[in-house]
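Only one chain is given next, in structure tokens, and it is the form predicted on its own.
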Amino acid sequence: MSNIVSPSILSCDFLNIEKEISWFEKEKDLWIHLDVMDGHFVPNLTFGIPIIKQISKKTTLPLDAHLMVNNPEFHMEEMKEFGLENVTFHLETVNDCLSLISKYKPFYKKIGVSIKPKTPLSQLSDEILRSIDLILVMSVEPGFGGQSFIEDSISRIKDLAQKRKSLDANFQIQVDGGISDSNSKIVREAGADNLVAGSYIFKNHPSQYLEKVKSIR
């Protein structure tokens, strides 16, 4: 499996976003994580489709869009020509998860599904887990950066890792929320192979960004 770090630009300096992203250009196994919030599914409002389109023109790094929105199909339709590495929508926002995955598989390198901390893992059917490329485990309530890691997330990651093994599936386990050097080791040991970090990376001086990335590998 992978050993990816995904800096979330939700925590970067938005007035200098192109320069912020440029610090990571030569780093391997790194995705740029794009938190798209609509102010409805989650209380916060961030950036949307036009900003992502511009970012896609300014970097060669893999872009990873996390759709915290009530209408993920609209966003997936509008962004399907942007060359994104991965797009993730929330299980809680759709009635027919498998149909949405099937419809957009031809347009995205990877498609993922995300679950909120209180969403039972039982809602992820074997069919869904076999169909996706990534499962995003939210280890905080989605909507705002800088929250503390929910410790119960470790058991959820372990359960998904075991399920992946039993199904002989290949989905990545991505974890988002409160990731830092203090918990990255135990999160990876539980089975995660893709860690999203925002404030932990971007709260420092730019010269320390890559050092922070390496500290959670």
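All residue numbers are counted from 1 along the displayed sequence. Bear in mind the structure is a predicted one, so any value in this text is a computation, not a measurement.
What comes next is about the form predicted together with a small molecule, which is not displayed.
- Shown alone here, Phe74 lies farther than 4.5 Å from the small molecule in the model of the complex, counting heavy atoms only.
- With a 4.5 Å cutoff on heavy atoms, Gly146 counts as touching the small molecule in the model of the complex.
- At the 4.5 Å threshold, heavy atoms of Val137 stay clear of the small molecule in the model of the complex, well away from it.
- Heavy atoms of Leu63 never reach within 4.5 Å of the small molecule in the model of the complex, leaving it off the interface.
- In summary, the region of this chain contacting the small molecule in the model of the complex, judged by heavy atoms within 4.5 Å and restricted to 47-55, 150-158, 24-32, 177-185, corresponds to 177-185.
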